[in-house]
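We begin with a single chain expressed as structure tokens, specifically the form predicted alone.
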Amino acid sequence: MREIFKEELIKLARKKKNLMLLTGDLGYGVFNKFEKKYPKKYLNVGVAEQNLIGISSGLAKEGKCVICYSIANFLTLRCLEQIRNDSVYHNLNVNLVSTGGGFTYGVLGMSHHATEDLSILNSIPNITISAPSTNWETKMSFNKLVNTKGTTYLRLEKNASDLIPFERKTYKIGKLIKYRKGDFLAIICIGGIFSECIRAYNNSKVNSSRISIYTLSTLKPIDEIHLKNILRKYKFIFTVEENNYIGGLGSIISSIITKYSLKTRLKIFSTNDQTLKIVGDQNYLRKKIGIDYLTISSEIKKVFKSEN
């Protein structure tokens, strides 16, 4: 995902004379090409993330299209007040781009786990939030966000799923994107956890024509009517996210099901409002918290077995 973002960033800098890229003393080697090509459009503010948002907001106030890049938890949790008061409140063109969503930096411990960022930012009015699941979604969402009025947040992981080719579908903010088509169970996910959903689908060994897989790469805003019309088609819905379900994807889908009295049954896979105190790579931590493909495929089998 990060490589796609870098490619699109350089293309964008060529088109937008007012673009500025700011980082918080990270990304060594990541932006060398950008800095060499556009030195006046790049600024490293140092280990001062709150200042990063303040400077970005000031530049945006002067008409710049600003890209702020840092590790997910540092960019969001450490800077929440500045994002809310300096950037969002003034409806400024500040585009927050994070790396390390979910358990991407799992081996560095909970200080580097970004499993609440989507939920917390989702509680702030007038912000656009995206967590793409594939390289194609990364490209499309980034280009949509920088042309969206106001403050936006793009959550990236280091790698996108290698199980899906570079898709060319229709991308619309707030709408579901379908990758598999079925008529009984729908799996809806957000972010890089998509790879676990595809593996679960392949591993479940049930009639694939009965299972749909969707991504909702835009957590906010959502097209509520569009979601309602999709959800009502299925008897079972699984939501999967590498994030707290409170304020996240699980909460959103649950609220729509409740609001419209849909007769579908919902199961949520998330970090379950827990903080992991152990360290390990992303695959290990996903397994420990129950959002890995084996856990999901096991639940798929249970659903189909209960219907027989």
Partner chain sequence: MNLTKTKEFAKILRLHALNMTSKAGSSHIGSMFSIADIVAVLFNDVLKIKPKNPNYKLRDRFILSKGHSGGIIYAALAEKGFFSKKKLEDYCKNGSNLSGHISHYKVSGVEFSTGSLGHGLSVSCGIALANLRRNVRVFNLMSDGELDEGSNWEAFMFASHHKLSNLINIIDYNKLQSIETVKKTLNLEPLESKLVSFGWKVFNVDGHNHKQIYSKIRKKKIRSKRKPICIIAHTIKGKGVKFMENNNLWHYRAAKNEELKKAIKHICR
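Given the structure is predicted, the values throughout are model-derived calculations rather than measurements. Positions refer to the first chain, counted from 1.
If you look for the form predicted in complex with the partner chain, you will not find it shown, but the lines that follow are about it.
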Residue among V279, L262, I246, I268 with a heavy atom within 4.5 Å of the partner chain in the predicted bound form: V279
D25 within 4.5 Å of the partner chain in the predicted bound form, heavy atoms: yes
Partner proximity in the predicted bound form: G63 to the partner chain, non-hydrogen atom cutoff 4.5 Å: no
Residue contact check: H112 to the partner chain in the predicted bound form, 4.5 Å heavy atom: yes
Close approach of E241 to the partner chain in the predicted bound form, 4.5 Å, heavy atom: no
All of E35, A48 and L108 with a heavy atom within 4.5 Å of the partner chain in the predicted bound form: yes
Listed range touching the partner chain, judged in the predicted bound form by heavy atoms within 4.5 Å, from 114 to 122, 71 to 79, 149 to 157, 172 to 180: 71 to 79
